[in-house]
Each structure stands twice: as structure tokens, then as C-alpha cells.
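The chain below stands alone, shown as C-alpha cells; this is the form predicted alone.
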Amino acid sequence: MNIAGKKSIFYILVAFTLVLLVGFYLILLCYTYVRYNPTSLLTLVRTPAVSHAIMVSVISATIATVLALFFSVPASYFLSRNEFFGKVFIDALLDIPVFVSPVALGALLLVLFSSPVGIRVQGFLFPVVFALPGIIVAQFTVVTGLSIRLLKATFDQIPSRYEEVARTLGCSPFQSFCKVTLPLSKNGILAAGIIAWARAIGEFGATITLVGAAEMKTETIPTAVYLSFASADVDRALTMVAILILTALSGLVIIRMISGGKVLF
């Protein structure tokens, strides 16, 4: 067989794996919503329980994402631009929220804030365990490691010589960061924010472990899915799942529009 024939067989096999994966996800989505036809999305969204879960999820995820970016931008920039003793360990430590189960992170948070020190912190600041602020804490814990990883990859792609040139022209390190690095990394920061926000919206394990699943109190969209299936309300559960899917797809489409179809990270 000639080279062209071998190449065509290779591409057919590669394309076949793609078709299998796409087909699997399409069947997963299509069969579910054909087998169980939930009531109108708009009708269920207007119900107090669903609207409350959406409101809590959107507000908490937005606050958690802003806080995550506030800490992640300088932290990831420092990691990208400096070599120091223990960097490998710190880099691995910051990846724990990405690779460790959210339930495990929630258990660690619960133990921390249930300790004498944690109770004092809650008394001085705000309640965390089984309270609404705990949702933000759980989401922040989960998405910060992810945002650092994405932002570090963004800063790694920006040559440091641009900042060095800015400094030779009289800019301080802070000015070169603000005037050179930040404008060049704005798409990456925006994409990291969208991914972190979508991940925070879908966060369940750490949230339910730390704050529980109290309906109309600490109920987020994923928690509403859990409670709906627990009460055999399949229509409501699938409606909430549809909201999560639409949120994820919207975020991915926006990211691809920002990157012009290119992979940012």
C-alpha cells in the first residue's frame, strides 16, 4: 500500500473516534430529553424554588470568580516570571483543587471552619458552615486553582522581553505589568474568568458538603438537581440540568469567539 493510502486509512480511523465521541454525547443529550420531556423551561424558571436557586448560583459564582481572579492574576504572573526554591511544590499544591474531588475539598473546609479557630473566624467575619457565604467559599476554593493554571499558561505565552523593553523606557515593574502584560493577556484573563464562572455555577461536591442542601436557603442549581431527583421531580431536575448545559455551551462559544477559533491555553 502506498503512502497516500496509509494516510487516508489513518485519517479515517482518527475521524471515526471523533464520530464515536460526538455521537455518544449527542445520544446522551437527545435521548434524555426525548425520553423525559420536561415542562416549559420558562414556566419552571418562574417558580420561586428554581428562580431562587438560579439567583443564588449566579450571585455566588460571580463573587467567587471575581475573588479568584483578584488572587489568581498576580499569583500566576509571579509563578510565570520567577524561578525559586520550592516552586515545583507550590505549583503542585495549587493544582490540588483541580485534581482532588470537590467532596474532599468540602470535607477539608468543613473540618477547618468547624474547628475552634474556624468558629472564631466565622464570629469575626461571617458564618460559613451551612450558610450562604459558605457557597462562595466553596466555589472560590474549587475555581481558584483552575484560574491560576489557565492564567499561568496565558502569561507563559507572553515574552518577558516586552516588559524588559518597557522598563528600559522608564516604566516601573508595576507600570510595565499594567501597560504591557495586562493588555496582551486580556483575552486570556477574560476566558479564564468565563471558565471559572461556569465551573463555579456547576460546583456541587464542595458546596453540599460545606453548606448542605437546604431548599430555598443554600440551594444552588446543582443542589436543586440533587433535591429534585431525590423527590422524584424529574422535570424540574432536567430543567436545571438544561440550564447548566446552556451555561457551559454559552461560555465555550464566547471563549471561541474571543480566541477567533484558536485555543487560548
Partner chain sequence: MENLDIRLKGFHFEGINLEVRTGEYYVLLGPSGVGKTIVLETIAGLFKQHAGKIVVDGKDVSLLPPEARQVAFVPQDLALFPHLTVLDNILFGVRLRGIAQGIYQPLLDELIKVLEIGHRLTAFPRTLSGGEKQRIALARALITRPKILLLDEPMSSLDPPIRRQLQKILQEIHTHFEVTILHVTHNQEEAFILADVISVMMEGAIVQTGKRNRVYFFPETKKLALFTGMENIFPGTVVGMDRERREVRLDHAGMTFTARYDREVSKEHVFFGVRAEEVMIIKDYRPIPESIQNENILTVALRRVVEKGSSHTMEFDEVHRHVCFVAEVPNYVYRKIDYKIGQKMRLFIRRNNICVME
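Here the structure is a predicted model, which is why all the values come from computation and not from measurement. Numbering follows the first chain given and starts at 1.
Unshown form predicted in complex with its partner chain; subsequent notes refer to it.
Picking from 170-178, 95-103, 126-134, 144-152 the stretch near its partner chain in the model of the complex, with a 4.5 Å limit on heavy atoms, gives 170-178. Although the partner is absent here, Leu108 sits far enough away that none of its heavy atoms falls within 4.5 Å of its partner chain in the model of the complex. Using a 4.5 angstroms limit between non-hydrogen atoms, Glu164 touches its partner chain in the model of the complex. The closest non-hydrogen atom of Leu184 lies within 4.5 Å of its partner chain in the model of the complex.
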